[in-house]
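Quick setup: the structure tokens below cover two forms of a single protein chain, split into structure 1 and structure 2.
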Structure 1
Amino acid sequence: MRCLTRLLWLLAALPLAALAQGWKPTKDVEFVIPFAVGGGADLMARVIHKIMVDEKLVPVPVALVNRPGGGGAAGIGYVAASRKGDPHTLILINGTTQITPIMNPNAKTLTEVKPVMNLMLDDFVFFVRADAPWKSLGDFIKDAKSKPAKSMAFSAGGTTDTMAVTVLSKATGVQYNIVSFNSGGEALTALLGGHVQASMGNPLEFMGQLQAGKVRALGVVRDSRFAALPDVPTFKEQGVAAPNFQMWRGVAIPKDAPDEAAAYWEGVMKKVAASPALANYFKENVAQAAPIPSKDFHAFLANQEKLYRELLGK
């Protein structure tokens, strides 16, 4: 039965193949997720996979494989070792995979893959509890400046949240006391419990609390307002000269795979990006669709790397 369906697929793909000269997959494709089942990166890979299958974008079966560990390095290490140059391989990449080698130079990530396309950007929002005295970013900074350094404690749910607080710290010249938690959920819990004064995090975790009026959003770290949060002013609007800071998520193939394969996968990802199912996923997750084609993706990544190194002091 499976053989038959596959044969039918091949037949269906024939006329297409004649049109699109160049590479196309001829055997099963492996979509490697270098993160554990259930995280944000995993979920997005599963949504992309579902769109590829439902909308029949690829003529062969695509299997999802989780290879978690080492901030993406274990999964990409697996690709570099076992699927070297194999164009029948897709890898989910994100800001974390880029930060990993900055922190631990032994862990190789983006240098081992060929980025194909970026799909989304995730924002960082500044939150305080609804009963906090600060009504704006200006209020908060004024108060922080009047007190000794590190008087204001922030909960951060991971390296990227910590970097967002560093952005604020650098832009305002105030040192904050950053308390690291294992997840955005834990950082939120610490804020709700009043153990810290403020938090920086992705809108997703805080959205329910924001809608219920339990927390207040004082600003978002980007150049223009986020369409999903029209009432939240940017840092720049409030006179804080912070660079645009967002986390990206995209797709790559192995480093030595042929350029024709990269072009093929870019075509597939463009169709994925245009799918209403992906738009809906972004809407529910309060994220921004950001299809960046491969010609711009490399420059974007180089730019991000520079910003990350600056923020991490490496």
Structure 2
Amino acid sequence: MRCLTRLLWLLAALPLAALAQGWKPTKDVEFVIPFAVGGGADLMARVIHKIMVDEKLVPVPVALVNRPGGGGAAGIGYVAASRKGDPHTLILINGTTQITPIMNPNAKTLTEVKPVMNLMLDDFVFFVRADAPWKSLGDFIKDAKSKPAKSMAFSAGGTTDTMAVTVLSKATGVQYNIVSFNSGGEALTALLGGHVQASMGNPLEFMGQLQAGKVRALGVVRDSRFAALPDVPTFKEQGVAAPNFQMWRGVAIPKDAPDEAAAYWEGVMKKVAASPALANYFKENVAQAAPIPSKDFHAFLANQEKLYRELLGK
């Protein structure tokens, strides 16, 4: 009896956190995609969702909800208003959700969420329709320079795509007309429909059409060619000194959600990152695995914001 009393006293003296099993979801989870169906963010979220379901990583149902608009601001605004502090909420975040408030200080995006983990990085590729007259980036730029400013139109699926076109504009001295859409899928549709002459996007958004021979890749913004796309030269190989930058893609929860929930979801995302299904998705879509846990993710985002501000300043 004396031993039992002592044990109970010791247990009572322990912090509650030490006794707890850790936070776990107890009701349905809403996975908010602040972009339209068919874009890179939507595709990535659906892959994450499928892995969570197929590998039974979460004990409750997870519903995908697209809330596009405003470069991610509409979807994250919905989270801030209707899912405030709710740990049963995931949000797909990416470079667009970071660039949007830089370009529009009134737009609230990353300030309303708690980043949990980054999963991948995407490079940018210059695409035209397969039947376009330009066979190289040099051909396109030469043609653009022979026409009045903004004669050549680019479709952009978000503010990160807009920045990619802006970087190209600064590097070539040509002003382009940027037509904005809610997702890379919509930007691709505009290109295929002949409504614009070109698009700057991530491989995962265009690979299906590239393999089907519907679009042609004229260049990639990186230091070396893709192993999977050996015939696509880099911008620098073609004399265009555009600085490198990439689209990051990760997951967050509402900013006021408890830290225990953030730790839980980080654990889930680490399992997603280690899944062979995700590795296969990256391989098929010429993407780079970049699992960055919460602590390092915050430092990464600070560096990315500095880079974005420098590029926009230029």
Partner chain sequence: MSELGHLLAGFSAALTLKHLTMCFLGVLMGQMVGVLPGIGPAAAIALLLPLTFGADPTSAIILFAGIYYGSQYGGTLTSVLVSVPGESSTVMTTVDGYQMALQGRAGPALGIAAIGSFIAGTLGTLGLTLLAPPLAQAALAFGPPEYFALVVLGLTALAAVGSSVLKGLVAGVAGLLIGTIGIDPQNGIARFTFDQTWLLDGVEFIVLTVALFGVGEVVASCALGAARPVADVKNVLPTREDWRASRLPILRGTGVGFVIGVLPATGATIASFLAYILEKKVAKDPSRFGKGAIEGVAAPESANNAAAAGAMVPMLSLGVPGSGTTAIILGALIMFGIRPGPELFTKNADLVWAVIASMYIGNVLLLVMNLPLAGLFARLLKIPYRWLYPPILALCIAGVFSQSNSVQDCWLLAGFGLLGWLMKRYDWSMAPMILGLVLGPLFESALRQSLTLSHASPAIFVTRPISAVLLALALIAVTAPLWTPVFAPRAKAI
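All residue numbers here refer to structure 1's sequence, counted from 1. Small disclaimer: the values here were computed from a predicted structure and weren't measured. Only the largest set of C-alpha atoms that superpose within 1.5 Å between the two forms is called the rigid core.
Student: Choose the one of the two that is the form predicted together with the partner chain.
Tutor: It is the first structure (the form predicted together with the partner chain) rather than the second.
Student: Check Glu205, Leu278, Leu121, Ile99 against the rigid-body motion between structures 1 and 2 and give me the one at the hinge.
Tutor: Selected hinge residue: Leu121.
Student: How big is the turn of the smaller rigid part relative to the larger between structures 1 and 2, in degrees?
Tutor: Angle of the smaller part against the larger: 33 degrees.
Student: Cα of Leu229: shift between structures 1 and 2 in Å, core-fitted?
Tutor: After core superposition, the C-alpha of Leu229 moves 6.5 Å between structures 1 and 2.
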